[in-house]
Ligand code: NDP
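Before any questions on how it binds or moves, here is one chain, the form predicted alone, in structure tokens.
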């Protein structure tokens, strides 16, 4: 199978220099990759001129809908990806992580895009900032799609998840993608991209895929582009030193090598659930994907008193692992991705053995099921023990990217923290303890050196997602050696592909530009109550000011008795003497909200279908008996939801009869579409 690149809307393979891609299981040739022949300047220009405009004209909700449709489409065809992935050395459970994990990320971003983002093409970021005494000059941050290309360079170990976890936030941000899979597993990514292209779901130019060399692609990058890289530290550093990256200040997100740690706390000794969870997680991270995960546990850190028990428990567990052809149901661990990778892993193990001894596994003596041990890239799980991790260097700096882990002991939590941080920046560490004080000490001791911490104990054992599984809701990345970048993290990942801009101007101008009313901007007063207007007919800034209502002592006492809220500030005048906030008995805050609703609500059936929440509620001034209040209700923003209704955000201000602000909040309603 000669793999083609998908560029400028077509499949092409113009290069004449062919590279062979071989099976991890048999070393047979499974694909050929042509290098060269593509005009990378034209590839990027096509993304900018065609893909970018096609995506940016869509709202966040429309882009989210594309992600959902794509996830459903791929879900129906995932068995094809499973089948082809076996040649990379992965078992069915490994493929579940890669294929289903990638599709699941699409679903998560589709859902979050609909729930957390407005149905518009830009975001408001943070509150309006007053910049003048008189209120005529204010500031507001907005976030908009960048006018460039998201260049995604992926590692070999997750050809599906790696592609899709980068694609989802970039597409949601409105940025076209040029993806470059690692050559050794590119046939899996190629099959995935072909599915996506054949689906016709994404707009023209939204996704291109380069199989083989990227050539001079970096020479054509601009300040509007983003490079997201997953791979080795050496390659990342080479790319980051490219002169165009520095000259154009191209955003570069790197996820690199990582010597992740699992830390067993002193209280989690043999016989505790946490000890068993520690052993299970270490063994799993050594064998899933044959240990070829950027998040795999490379250092198992345990109290010196527990080290012998840890090694013995891991010896028993790892001894049950059956190695071989990943298509066999009996096999738990397949080979590493290729013979070159096997050589590299064993070379790194040799460096580790200068400071540590192999205590479980023998790279020269192990059995393989359903495959030839020499033709396939097989390695058994190798567990090492470092007796002096304080003086050791290699165990904290050399990563054997395979089924390899080193056990090391510590005395005291300070030493455990120091050992974990010797990794000089990691993607993840997992902590195993049932003592909250110990958990806090470890969390804040190692947190600055890690992008993610997983606190695993008996309470979350059944539902925890594991040390090595980045979740799309949470950030994936880490400082220092791990690359200093971040991916995923819900909407945080979307913002990587967008530009934050500070807007400054009058409330009226910024309200019109951002389509969100700002206090101080002109208001629109009409004869009819705003609740009588359908979604399409409401204007931003449309305002209603209610009549006044006087709060009586009887109102306060009745509310206290009726609701059961007899807090002393509402019921006991004597108790409020010398109170720092209350000048005497005051009205309940929720009484004021209830009365406010009574003042601004138009009760008859009409376009307002439902009130579904309040945001940003603040009580600013207490109200005493005999004071009068009124309400100002202003249409703040609108966001279409579907053909039947849209969301309306109202700015609500409760005021005294003298104009002092008592409370402010945003009221959310669903209003019918129509007229």
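Just so it is clear, the model here is predicted, and its values are computed rather than measured. Residue numbers count along the first chain shown, from 1.
Below, we refer to the form predicted together with the ligand, which is not included among the displayed structures.
Visitor: Hey, with the ligand in the predicted complex, do 71, 165 and 208 all fall inside the 4.5 Å heavy atom range?
Guide: No, none of the three is in contact.
Visitor: Based on heavy atom distances of at most 4.5 Å to the ligand in the predicted complex, which listed stretch, 428 to 436, 125 to 133, 413 to 421, 224 to 232, is the contact stretch?
Guide: The contacting stretch here is 224 to 232.
Visitor: Using heavy atoms and a 4.5 Å limit, would one call residue 455 a contact residue for the ligand in the predicted complex?
Guide: Outside the cut-off, so no.
Visitor: Using the partner position in the predicted complex, report whether residue 181 sits within 4.5 Å of the ligand, counting heavy atoms only.
Guide: Output for residue 181 is yes: heavy atoms within 4.5 Å of the ligand.
Visitor: Under a 4.5 Å heavy atom criterion, is residue 257 part of the interface with the ligand in the predicted complex?
Guide: Within the cut-off, so yes.
Visitor: Heavy atom to heavy atom, is residue 399 within 4.5 Å of the ligand in the predicted complex?
Guide: Contact check for residue 399: yes, within 4.5 Å of the ligand in the predicted complex.
Visitor: Can you pick out, from 193, 318, 155, 384, the residue that has a heavy atom within 4.5 Å of the ligand in the predicted complex?
Guide: After the contact test, the surviving option is 155.
Visitor: May I ask you to choose, among 358, 575, 593, 239, the residue with a heavy atom within 4.5 Å of the ligand in the predicted complex?
Guide: It is 239 that has a heavy atom within 4.5 Å of the partner.
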